[in-house]
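Coming up is one lone chain in structure tokens, specifically the form predicted alone.
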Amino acid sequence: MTNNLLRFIEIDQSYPNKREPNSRKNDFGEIYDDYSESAALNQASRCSQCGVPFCQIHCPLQNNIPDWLMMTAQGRLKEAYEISASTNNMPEICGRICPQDRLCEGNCVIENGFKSVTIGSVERYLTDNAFDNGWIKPVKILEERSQKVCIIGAGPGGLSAAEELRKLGYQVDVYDRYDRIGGLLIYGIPNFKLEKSIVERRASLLKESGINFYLNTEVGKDISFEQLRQDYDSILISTGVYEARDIALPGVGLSNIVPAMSYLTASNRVGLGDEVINFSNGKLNAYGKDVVVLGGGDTAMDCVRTATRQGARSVKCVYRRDRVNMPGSLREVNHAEEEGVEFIWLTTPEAYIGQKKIEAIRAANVRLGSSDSSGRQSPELVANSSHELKCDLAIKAFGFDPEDLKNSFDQPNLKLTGWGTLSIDFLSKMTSLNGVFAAGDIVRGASLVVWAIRDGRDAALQMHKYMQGLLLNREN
């Protein structure tokens, strides 16, 4: 069996076939084809099975990557899937959208000289193959507990916690303000990265596992938070962060200046078959427009690549730092450039220009100065460098802030951090309210889906400990 491993010298790195840019930018289908079984086994066999697996160390979920790569290389695909799923509630989703170039693959010890193992693509293959073979079954519990759990938010953090708690036998109810299960996975991430059928397949599995979903239900409006505290033994808040961050610029009141999430949500809803008025009337549609996206994170990459598919006349991405210092995945930048997006580095917006609608953005050049407290070089304006960029649709992708849950939930004792996120005890995952826990972006700020899954799993374990303590107290 050992001959099936350590083959990184004789086998080159090879990702699944990627569709040609001129073809893929005309639709919203995923850009990578599926691995064949032989291709997945070959790529898994490149793993060096190193003594200190940096891929695993740099995975937020601490996935047992060397183990399931070894199983894959040996053709033991069901066992490989089971090991992958033992630490990850959504491996088929992480395999598609995780920035592996910054996490597991970026820390592969064979990367220098031989290029990393294609961990994400193998992970995706394993779970898709498991679904195809009927190996993935709903959660079956022998005896249901009497205790009930409420989860607020049906995004990746809430869904992961829901599944873990259901495995432990709890009655689990999930509330979400939107009309579909998945949160950001449905409305924030475009189909070319994650087709909605993949999310819906996972959601159906959770329903079949006995998890109850109450959609179109906004806590604090349709049902009071206090009522939930009375009805449930514990609560998890995993609402994510959706408030668009902004910067004050002259001309901000002009039309056709939109937040990134509004733009992406409209596009995703249209793809799902919904009627979206602001898409039909052109306000959230890039067709025929000169589009400028402001920002350099993964959300900005989703926006520029969506705009090309909607038929924009031109698409530019303006970012105040350079390529090396941008927060988004460099793999996504490469995809965008292949699809015709123009990146304007070291540039910052100064004003929106126009009469009633935006017609241009006045921008200035930037140079990187001394490092700030985070270690990143601070942008400094270059004198007399102002210039205009033609624009009739500006998309703001400056990041996201949390909503004020203290007021919307009418809970004055719910403590927040200085950033507006929920304050929790990082050991127990409990907020300042007894029996109320929190996980995901609402705690750590806007972050990766894989971190939300990790936080949801950790919170579920702590909620279990808390509820077991309640039972002991009642028995005594």
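Predicted model only: the values in this text are computed from it and were never measured. Each residue number is its position in the shown sequence, starting from 1.
Only in words, not in the display: the form predicted together with ligand FAD, which the text now covers.
Just one listed stretch, out of 151 to 159, 314 to 322, 202 to 210, 335 to 343, contacts ligand FAD in the predicted complex at the 4.5 Å heavy atom level, and that stretch is 151 to 159. The listed set 433, 31, 448, 41 contains one residue whose heavy atoms approach ligand FAD in the predicted complex to within 4.5 Å, identified as 448.
For the residues 126, 291, 266, 219, the 4.5 Å heavy atom test against ligand FAD in the predicted complex is passed only by 219. Although the partner is absent here, residue 71 lies well away from ligand FAD in the predicted complex, with no heavy atom inside 4.5 Å.
For the chain shown alone, residue 398 is not a contact residue for ligand FAD in the predicted complex, no non-hydrogen atom being within 4.5 angstroms. The closest non-hydrogen atom of residue 296 lies beyond 4.5 Å of ligand FAD in the predicted complex. A residue is said to contact a partner when one of its heavy atoms sits within 4.5 Å of a partner heavy atom; residue 35 fails this definition for ligand FAD in the predicted complex, lying far away.
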